[in-house]
Every structure is written in C-alpha cells, then in structure tokens.
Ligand code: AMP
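As a starting point, one isolated chain is supplied in structure tokens, in the form predicted on its own.
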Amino acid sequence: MITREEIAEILRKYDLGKLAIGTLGSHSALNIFKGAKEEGFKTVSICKKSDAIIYKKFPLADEIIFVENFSELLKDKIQEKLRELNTVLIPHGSFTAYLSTEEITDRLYVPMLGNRQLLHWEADRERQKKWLSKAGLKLPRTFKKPEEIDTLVIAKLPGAKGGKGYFLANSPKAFQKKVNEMIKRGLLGKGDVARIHLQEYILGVNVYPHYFSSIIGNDVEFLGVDRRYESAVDTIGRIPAEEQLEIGINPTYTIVGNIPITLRESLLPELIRMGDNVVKASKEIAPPGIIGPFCLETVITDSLEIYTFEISARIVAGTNVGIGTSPYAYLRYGEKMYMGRRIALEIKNAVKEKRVNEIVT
C-alpha cells in the first residue's frame, strides 16, 4: 500500500507553482478540466485515441497522453510523465471501473486528490453499509442470497457500471428468470451472478445530492442535485401496458445522462445533516476521512423519508449538470461555481496555504 509519506516525498519534488490537474479522459473530465482552467491550472488528459475528438471539439486539455486502455495509467512510463508535469490526479468513476481499488492504492505513484482508502469502502457493498449505518442514515434492506427475496428488489453489479445489467425481481423464481434473460442479452456474464448485490427496491424519486468536503475550509458543502436518465426504464412508459405484457419487456437501468433537480427547501436540512454525518463517520473508519467531492445516492418516498442506497466517494457524472448552472453552488459562491471548479479552488487554496499534502493521498 502506498503511504502518505511516499506521496509527500513525491510532492517535495514537484514545482507547486506549476501544478497540473489530470484525470482519465472520460466520465467528468470536461467538468474537471474546465474548472482547472478557470482557476489557472494546466490540464492533463490520459485519453484513448478513439476519444480524442472530445478534446478537439472542447479544447480544455493542455497535454494529452494517449493510451489504448485506461489500465495503462499504471505503467511506469506514464506515471513518470505525470510526475514530470507536476500532476495531481482527480479520481472519477472510470478509475474504479477500469482499475481495481487495490491497483489504485498499491501501484499508482501519482498524488491524487482525495482519500484512496475510501475507494475500497465505496467498491465493497458491505463496507458501504457499515459506513452509512455508522452515519445514522436510513438504508434499504439487503439480501444475502436470491432464496431470501420476499419483496421487490433491485439486483446490482459491484463497482461503477453505470447501471448496466441492473434489474428488478420480486421472488427467487423471478430472479433466476431475469438472470437467464440478461445473460442471453449479453448484459450479464455467468461469472457476474455470484457478485450480484440484492437490495430492497424503495418506491420513490431517485435523488443524488453532491457534496464537497473541504479540508482547507473545514466544512462540508452542499453544491448540487441531479437524477439519472436511464435506458430503458425511463422510456418504458411510452409503450402501452398491453404491449409491454405481450412482448415481455425486461427494462435495464443503463445511465445515458443526468437531469438537474432543485429540491423543495424543507428537504435541505436533512440532506445537509446527512452529508455532515457521512464525513464525520469517514474520519473514524479511514482517517482523515473524505477529501473533496462525494455523492449520496438516495430515494425520497411520498412521505418524504430519505433512504440512502449507495455512496460515491469521489466526483460523480451527475455533477456535470451543474457546470455554470447549479443553484446551490450559486447560492454559496455566486456565478460560475461547480464541482470541477470547486476541486481546482481547493487545490489552489491548498497551494497558497502550503497544505497540498493534506488534500492528496
């Protein structure tokens, strides 16, 4: 495991006046790069050649390091290049989708904003449950095996899969039927079945609040909210019920985009307290706790109960809806504040206060 002392030693060789902000060229990279540019940083994209068109149309990457696969981030040559550029990496969902959390904590010798240890907690459903329970949040029931299903559940794959392969079932028999259908459609592999996480399906509106845990400001900031636009579950309503039954639709939850939400104000106190409590619990389970952006994935019922079913201990793609427009970031900071820029501002303030070693691991 890479220690904070080793990262501190790498930082001592950096020119902190020429720090660059880098990330994998996907997920929320444009968000991160735009914010970095607005705060005066150079930007570095580790990018697949097939995706380079993004950074031609949106010229926000000052330096592009081309790779065939994101796992090449672990190569010594690429890490050496990133260190030469004085790069601080910003993790997002593609990091844990293409690299294991062990690879990130044991083999990635480039300073990274955030607490690497919490990526382990994010990737492990049981650890997530322990963390969120410690924070006092209300959680859906979970089921250890399909035979225990006695209510409507959502079946999920581990990690940042963007909802791909998720499905609903209300009995052990229905679960097995759906699994077989998903395997036939190529949405699940046979090896995935043993790793499926079964969680009670709470009827309500999915709401994803975005937070920023500031080490420099010693505060937890509430910066935005979104909901996900999922295929095909969000379009199934266009098909009459009779036809749905005839063709036996089994909708999936693959995320294709995000939609901004402004919440009724009466919900804000509880959501703000939830963010504070999650950060407090994180300091106990993995000191120094959350550093930077995180997101709670919640459902709000018609009685306004808030259930939390997941946490992402890094920037989420839903923050992209807030680029220049989030009402909550505006209320706190004024115009043009959003998660990518808030990340860059934290790094900028850490440089000014000579505290960069406190915000990276």
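It should be emphasised that the depicted structure is a prediction, and the values quoted were computed from it without experimental measurement. Start at 1 and count along the sequence shown; that's the residue number.
Below: the form predicted in complex with adenosine monophosphate, not depicted.
Note that among 102-110, 143-151, 202-210, 79-87, the stretch whose heavy atoms approach adenosine monophosphate to within 4.5 Å in the predicted bound form is 202-210. Checking T43, N31, S26, S326 against adenosine monophosphate in the predicted bound form, a heavy atom within 4.5 Å turns up for just one residue: S26. Contact annotation: S282 falls outside 4.5 Å of adenosine monophosphate in the predicted bound form, judged by heavy atom distances.
Taking non-hydrogen atoms only, E310 approaches adenosine monophosphate to within 4.5 angstroms in the predicted bound form. Mapping the unseen interface onto this chain, E297 counts among the residues with a heavy atom inside 4.5 Å of adenosine monophosphate in the predicted bound form. A residue is said to contact a partner when one of its heavy atoms sits within 4.5 Å of a partner heavy atom; I255 meets this definition for adenosine monophosphate in the predicted bound form. Scanning 85-122 for heavy atoms within 4.5 Å of adenosine monophosphate in the predicted bound form gives G93, S94, A97, Y98 in sequence order.
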